[in-house]
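Have a look below at one chain only, the form predicted on its own, in structure tokens format.
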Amino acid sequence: MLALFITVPFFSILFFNLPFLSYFRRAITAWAYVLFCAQIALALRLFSPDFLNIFTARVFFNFNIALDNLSLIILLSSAIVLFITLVIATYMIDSERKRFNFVNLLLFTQAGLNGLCLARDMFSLYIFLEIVAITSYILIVFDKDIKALSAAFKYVILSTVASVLLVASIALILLLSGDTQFSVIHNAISAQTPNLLIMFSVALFVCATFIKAGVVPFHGWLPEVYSHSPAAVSVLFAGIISKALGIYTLMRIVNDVFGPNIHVNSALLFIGMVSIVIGALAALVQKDFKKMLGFSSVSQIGYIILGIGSGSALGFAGAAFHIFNHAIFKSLLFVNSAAIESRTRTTHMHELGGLSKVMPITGLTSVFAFVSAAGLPPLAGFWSKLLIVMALILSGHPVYAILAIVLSALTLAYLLSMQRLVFFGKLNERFSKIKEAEFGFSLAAIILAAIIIVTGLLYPFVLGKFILPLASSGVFK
């Protein structure tokens, strides 16, 4: 069953690209919608104690795959973001041929993300990670814009460095354990006294995931990619790509392979706090809507790193929950950015103003995203940040907990500034006759805003159904 998460998207691509089946090409968009919705439904169905940790399989050249709650969080997040990306792309790509190519890339991305979530050995993890990375390069330059080409070049260079570090780390791990399976490596490392070689392999892997995630000091590519990519690609990157390639991979390896380590945790806490500060301060001074959201992502990733660095089951669960919340509220902000750009042809915040008067759905849904991102109750972002802060206190890091709370004021400051410059105040006369964005943008925004509201208001149910099982999984038991 698990293999279908990977094989169905791949075989769909092969089927729709067969030369004698060209008349089916128009159906690929509808088929992609079906696949993404099916993955959402299946992921929600599998969030049950009866289903946890019972699916394992070996497919294709001994690729080891398995399913647990952390995998389900990413599977659900990726399917939602892919669905929203497809909605936006459908409205922004006029050419049927270009839309066909774009959907092919989304299906490749779905297969790679699903494989990354399910992989349980280092070789499989690396293969699927590179599949997603390669499709990401192409998606960034999909419109062949010169600024996007420049951003993609930075991403390619840094991502290549990360790939080299990953390969070197995997080679050292193979030397230490004689295998690439997570369980075998974990047992081998646990049986040895910590030594320089083990710590060096851990450091290489952590640095690689930091680059993939855009964590400070490796964040230079992230705002450029987010701001210069096509609108639909910005949604995909901000929503799931950087989190899956970097943060999820880090969580999976820390949880299943290396296990909690006081030195690694200390480094994660420090880097996480630095990312929060630098990302928030940089976001405060931005004039471009999309670039500000890019630096905001750097800051929000810092909170996830803090949760992982707490070294506790609660922090781990809070980090996973914040990945999901970030995928939703940041996707919503980028959807609304795309809606604004489609109507005004600019994302320069000082050229905008008062848009909530002519784009009420966009303005209202942005408020929900802003409240969740700032960590204000009762919406979803508040609860994941609360879990992370509680984990920091209970694990003996009260200073980091206090700083995390205080620095939320910076998040509130730059998001309030964005709301004021873009949606409030006097309407710019240039935009007095524009109308609400097309139906697809409004639909995507309403869906994401509804998820934010429902997740926040039904937090006790979400905690028991999705989050607490995470806190009792893996090496944190």
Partner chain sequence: MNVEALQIFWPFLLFVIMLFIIGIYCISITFNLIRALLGVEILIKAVTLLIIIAGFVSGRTALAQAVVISLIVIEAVAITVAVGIVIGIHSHNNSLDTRKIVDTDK
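Everything numeric here is computed off the predicted structure, so don't read it as measured data. Numbering follows the first chain given and starts at 1.
One more form of this protein exists, namely the form predicted in complex with the partner chain; it is left out here, but the text below deals with it.
Although the partner is absent here, Gly178 lies within 4.5 Å of the partner chain in the predicted bound form, judged by heavy atoms. Mapping the unseen interface onto this chain, Ile262 falls outside it, with no heavy atom inside 4.5 Å of the partner chain in the predicted bound form. Although the partner is absent from this view, Tyr137 contacts the partner chain in the predicted bound form, with a non-hydrogen atom inside 4.5 angstroms. Contact annotation for Lys287: none of its heavy atoms lies within 4.5 Å of the partner chain in the predicted bound form. None of 318 to 326, 160 to 168, 354 to 362, 396 to 404 except one has non-hydrogen atoms within 4.5 angstroms of the partner chain in the predicted bound form; the exception is 160 to 168.
Of the listed positions (Lys385, His228, His219, Arg252), a single one reaches within 4.5 angstroms of the partner chain by any non-hydrogen atom in the predicted bound form, namely His228. Only one of Ala374, Ala282, Val206, Ile127 lies close to the partner chain in the predicted bound form, with a heavy atom inside 4.5 Å, and it is Ile127.
The three residues Arg26, Ala30 and Glu96 each lack any heavy atom within 4.5 Å of the partner chain in the predicted bound form.
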